[in-house]
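Below sits a lone chain in structure tokens, taken as the form predicted alone.
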């Protein structure tokens, strides 16, 4: 019986691993240079931890199971609850601010579709213990820093920024009761994904008052922070939230990334725990799902039994990002990169052990090297060197036997040079 991979998962052949590592290496490099320390947690947690954050209905969206001890567990669908649990366990000993990152493998029991799989990798960066929106600006900067390193520009991607704090203040100012605001959020979060007519019908189901509903529709049409002043009126909470957004964009300008960023009142983020600035990253055509998203979540640690402490963070999955990089041709160079530095070939079977000796010495020096198990004709060995993407080939032949010299062939240009063994290793340093 031929067994297929489970739907919504991926096999990573070497060429696929090269792409995956390209993304993962960028995530890690950018995180470290922006001052974040790496952490990780278990692949499964107690199911109740995810229910605490997202409600009982989350169980149907997870790979949940009962272990032999009768405990309800779930494979992690995200790592933020684990972060909250870990920080709460050492909250009194961890130096503030806490700047952590992680690149976990995650699983969600949902219908696979373009850019959304059941198993994926995600980059998470979080700053805990900073009230100022400067922390939000740093998170956004770090996200843009990653996108730039990976080869994307402001012509390729955009960061759309809004504020849950602002939306909450304005909705209350419009006369919508607090208990109804979450329902409005749910509808607003779908606005960009559904036809306008459908959106208005859904809004009517949660807001029956035509006047209030029209205010929300007018608000959703706003394109700049300046236009918001008219909606805020004399409401101090709304005005404070607008000022915070202005301050954020001021920081982003100082950081030199405003060309990537724009205000978008329609960014809500679906998760209920967001409390302030929120943002999402999209490819410029916006034909795909969000590449990533995040925002401020000042209540999450308290919800998990810890103290009330400020926090902000961001997550970026590898699926949509991979599609964007593929479409932009940014993976093409990977197939041209050398996997091996030196391939050692030999013209006579009697030189096999000498080739092994040379390969071993190269490897001990930290140099990627390989050789042919079978030997045989030099042409076949050179072909094998090309197949493993070797940058250069060292040929042991008459020069080696008679003069202890190596022939070094550049596999790209075809040029050859003859060098003394001592000089060769001297050049390697």
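Positions refer to the first chain, counted from 1. Being a predicted model, the structure only gives us computed values, none of them experimental.
Although it is not shown, the form predicted in complex with ligand HAM is what the next lines describe.
- Not displayed here, ligand HAM is kept clear of residue 104 by more than 4.5 Å at the level of heavy atoms in the predicted complex.
- Mapping the unseen interface onto this chain, residue 158 falls outside it, with no heavy atom inside 4.5 Å of ligand HAM in the predicted complex.
- Contact check for residue 315: a non-hydrogen atom falls within 4.5 Å of ligand HAM in the predicted complex.
- Among heavy atoms of residue 116, some come within 4.5 Å of ligand HAM in the predicted complex.
- The partner is not drawn, yet in the predicted complex one stretch among 198 to 206, 75 to 83, 341 to 349, 227 to 235 has residues with heavy atoms inside 4.5 Å of ligand HAM: 75 to 83.
- Site annotation in the predicted complex: the residue of 215, 269, 165, 99 reaching within 4.5 Å of ligand HAM with a heavy atom is 269.
- Note on contacts: among 245, 87, 319, 187, the single residue with a heavy atom within 4.5 Å of ligand HAM in the predicted complex is 319.
- For a residue to qualify, one of its non-hydrogen atoms must sit within 4.5 Å of ligand HAM in the predicted complex; all three of 110, 122 and 126 qualify.
- Taking ligand HAM as positioned in the predicted complex, the residues of 277 to 294 that bring a heavy atom within 4.5 Å of it are, in sequence order, 290, 291, 292, 293, 294.
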